[in-house]
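One chain comes next, on its own, written out as structure tokens in the form predicted alone.
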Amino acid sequence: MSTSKENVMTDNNEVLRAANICKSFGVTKACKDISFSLSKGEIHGLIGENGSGKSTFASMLCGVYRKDSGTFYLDENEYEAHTQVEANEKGVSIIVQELGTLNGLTVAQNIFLGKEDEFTKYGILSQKKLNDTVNKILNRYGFDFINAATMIDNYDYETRKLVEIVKATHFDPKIVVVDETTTALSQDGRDILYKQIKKIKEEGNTVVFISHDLEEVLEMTDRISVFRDGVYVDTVISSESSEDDLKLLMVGREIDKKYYRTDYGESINEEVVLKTRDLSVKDKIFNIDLEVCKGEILGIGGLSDCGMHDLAKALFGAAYDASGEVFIANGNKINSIPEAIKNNIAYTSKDRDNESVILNSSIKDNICLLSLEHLRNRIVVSKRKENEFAKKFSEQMSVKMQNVNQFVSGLSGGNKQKVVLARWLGKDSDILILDSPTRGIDIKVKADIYSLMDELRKRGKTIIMISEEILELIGMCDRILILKNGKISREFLRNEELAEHDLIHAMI
């Protein structure tokens, strides 16, 4: 591993220098005296465990948060942005992990949010001029299937991420921060983003690339900076480093590579706990028949648009335009979310911020949400019981927090996921539908979630895991169903010889 330990020295190729940047949230010190620099025309990786401070640092750079102390220098001039619009005006932009577009606005209004003055005369906004300009920009990106005048709500998650790419890059910024964006994209979407990142570099501008996928970071970047517990650790040259080098820098110790299950040949309990018959969702999945057994981890995989995420929602009674049947062992049919919850079925969504957590509510409220009936003293919910309940399950999931009254919006992606899982652990659900449970999560938290899944399996809980990560499916599941074009293409049983190419062949 070759390192280039950063200091605050200036060089002719430097575009940004961070000098002693600090940020705290209450008693939590998210960033402590961060000092390192970015060069012009480079793709600079930024990695660290959840809660390491990397996203907080990026948010300060892009005007989302205000730093407590320290100084940024952009092209050797002192730089500070109080809003994202101001950061854009100064040449810095960000593509965030979760959705960064606003419902109720058109594609064009989202792309030029805060910059409407460019299309305003005598106080009147020319919607036609705005739409024409944005359609030209979209065509330049090859996104002619996106219409500037269409409400953003009408597009799916991935298309909205493509709109964000346009929003963050169309004005030729000096620095673009890509914060865990690839985890939300299919391979086609990733290829589009990779192409745009390389174009930014070729034009002499800089990309800060944040990802938990270490293989991806090594492949995409020129240099990589590592954060740990809010502290800058080191900067390494990507071509001279390995995943093990990075893991050691991230966690300060060796990570056991065998964090997947190591058991093989165990017989699956034959007691069926959930079954579907002709389950369909209009234009998404077609006539799905499947059975899941007690104590089984059933994996469902495929390409991003194969219908697996729609199947997850349908199993939880949360899909629109669904037909066919979902029923459990006692014969009860699952046609709605309340029925699923009443019958001890849990669900975690791929879209964590919008569908799994209540961001502007406390950790306590999020964890206790579905268990309030058990926390009552007759009519009134007991505050003492709520606090004890939330504390018990947040500690069981090792949530990094100030206390259970902290808002979920202030947590890292991995800790938000832990809160979601803590809620369902508290509910003591028997069937857990986990859609992309480790998306955007660091290796340490992944290992914790895998360990929890194995423990739940051994306790007789049933897990249905939807995942786009092939190794995760192979490593954790008793059976794997591959979906292709909305239908089950192939079934694989747990086997030590099962390889990635076996699953890929069934997907394509």
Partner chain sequence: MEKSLKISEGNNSSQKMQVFQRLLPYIGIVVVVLLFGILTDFRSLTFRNIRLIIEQSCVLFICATGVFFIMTMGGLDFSQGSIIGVASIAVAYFAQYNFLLAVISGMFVGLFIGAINGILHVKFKIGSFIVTICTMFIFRGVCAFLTTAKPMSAPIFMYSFNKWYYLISAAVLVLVLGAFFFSMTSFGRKLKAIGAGETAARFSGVKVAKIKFLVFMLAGILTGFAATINTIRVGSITASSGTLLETNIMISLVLGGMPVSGGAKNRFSSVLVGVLLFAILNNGLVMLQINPNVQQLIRGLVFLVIVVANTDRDAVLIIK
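Just so it is clear, the structure is predicted and the values come from calculations on it, not from any experiment. Residue numbers count along the first chain shown, from 1.
Here the subject shifts to the form predicted together with its partner chain, a form of this protein not shown in this document.
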item: Joint contact, Y347, N354 and L370 to its partner chain in the predicted complex, by non-hydrogen atom at 4.5 Å; value: yes
item: Touches its partner chain in the predicted complex: T83 (any heavy atom, 4.5 Å); value: no
item: Its partner chain contact in the predicted complex: E386, any heavy atom under 4.5 Å; value: yes
item: Partner proximity in the predicted complex: F407 to its partner chain, non-hydrogen atom cutoff 4.5 Å; value: yes
item: Distance check, N360 to its partner chain in the predicted complex, heavy atom within 4.5 Å; value: yes
item: Listed range touching its partner chain, judged in the predicted complex by heavy atoms within 4.5 Å, from 292-300, 399-407, 147-155, 109-117; value: 399-407
item: Position in contact with its partner chain when the complex is considered in the predicted complex, options K416, K167, H212, R423, heavy atoms within 4.5 Å; value: R423
item: Sole residue of A329, I337, L248, I237 within 4.5 Å of its partner chain in the predicted complex, by heavy atom; value: I337
item: Interface residues of 284-323 toward its partner chain, as seen in the predicted complex [heavy atoms, 4.5 Å]; value: K313, F316, A318, Y320
